[in-house]
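Next up: a single chain in C-alpha cells, the form predicted on its own.
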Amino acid sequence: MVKHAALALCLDRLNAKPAPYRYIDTHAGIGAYDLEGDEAERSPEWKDGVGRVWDAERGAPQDVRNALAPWLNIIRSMNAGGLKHYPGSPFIAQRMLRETDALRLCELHEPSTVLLRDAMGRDKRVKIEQRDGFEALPAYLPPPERRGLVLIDPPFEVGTATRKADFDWMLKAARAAVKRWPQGAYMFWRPIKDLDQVAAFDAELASMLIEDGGIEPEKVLAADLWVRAIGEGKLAGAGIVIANAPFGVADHLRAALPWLCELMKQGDGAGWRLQAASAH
C-alpha cells in the first residue's frame, strides 16, 4: 500500500511538467485485482489494508487526504458501488499517465501476462513483454523521453534463499540502470521480515546510488510501514526506497505514514519510518 500511494504521488508530480515521460515496471503482475474473486477470498489481507483506508479516509486530516488522493482517486474510479476492485501498479500508471506518455511493462509468467494484457486493454501507449524484467531493464534505459520512473518490484517468493536472491537481483539491476540513466526516478519495493536484511540492502543500495550514480544522498529516500513487531521471519510490513524522489513526495509521505500506521496496526510493535537512506 505504501508502494502504491508513493507511486501515485511520484506520477502526480511528474504530471506537473508538460514534457512527456515513461513508466517502466520490471515485474508488472496482472494489472488489477478482483477483491471478490477466489484468490482474494483465500488471502483477505486487503481487508486490513486498503479496506480500512477505504472506510476511514474521509475522516482523516486534510494533509493525509491530500497525500492519499492520487492513489485513492484511482481506486474510487474503479469502485462506484463499494470496494470490489483494486489497481496494481500498471493500472495506476495507465490511469495517471497522459496521452503523450508511455508505459513499458514486463511480466515473466505467461498466465499473469495474459491477465495483464486483458487489464490494460488496447492502449497505444502500452507495450507489454513476457520476459524477466531484471534482464530487460538495461535495454529500456535511458528512455527517449529522458524523464520517467522505474518500479523494481520482484515477487520475493517464499524462502530465505529465494528472498536473498531477489535482494541481490535488485542490487544488480539498480547498478546497471543507474549507470545508464542516473537522472531517472527509481522505486524499489521490499518486504519487511528481517530488519537486519532490509538495513543491509538499503545501505548497499544507497552506497551504489550515491557513489556509482552520483545521486545526492538526500534524494535517496526510504519509506516503511509495519503493522506488527518485526521478528521470527514473518511478514510485518513493507516499504520502498526511492531514488531521485520528485519534489514534494517526502512531505506527503511524512503526513500519511503515521495516520496509516495507527489505522492498520495489529498489536504492539507497529511503526513507520521516513528517512534519507544512509550509505555504508
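Don't overthink the numbering: it's just position in the shown sequence, from 1. Every value quoted in this text rests on a predicted model; they were computed, and no experiment measured them.
Keep in mind that the form predicted together with a small molecule is missing from the display, and what follows is about it.
Three-residue candidate spot 22, 94 and 140; no residue lies within 4.5 angstroms of the small molecule in the model of the complex by any non-hydrogen atom.
Picking from 175-183, 199-207, 73-81, 148-156 the stretch near the small molecule in the model of the complex, with a 4.5 Å limit on heavy atoms, gives 148-156.
Put simply, residue 108 is close to the small molecule in the model of the complex: some heavy atom of it is within 4.5 Å. The shortest heavy atom separation between residue 226 and the small molecule in the model of the complex exceeds 4.5 Å. With a 4.5 Å cutoff on heavy atoms, residue 219 does not count as touching the small molecule in the model of the complex; it lies far away.
In the model of the complex, none of the heavy atoms of residue 167 sits within 4.5 Å of a heavy atom of the small molecule. Distance criterion of 4.5 Å from any heavy atom to the small molecule in the model of the complex singles out 131 from the list 117, 85, 125, 131.
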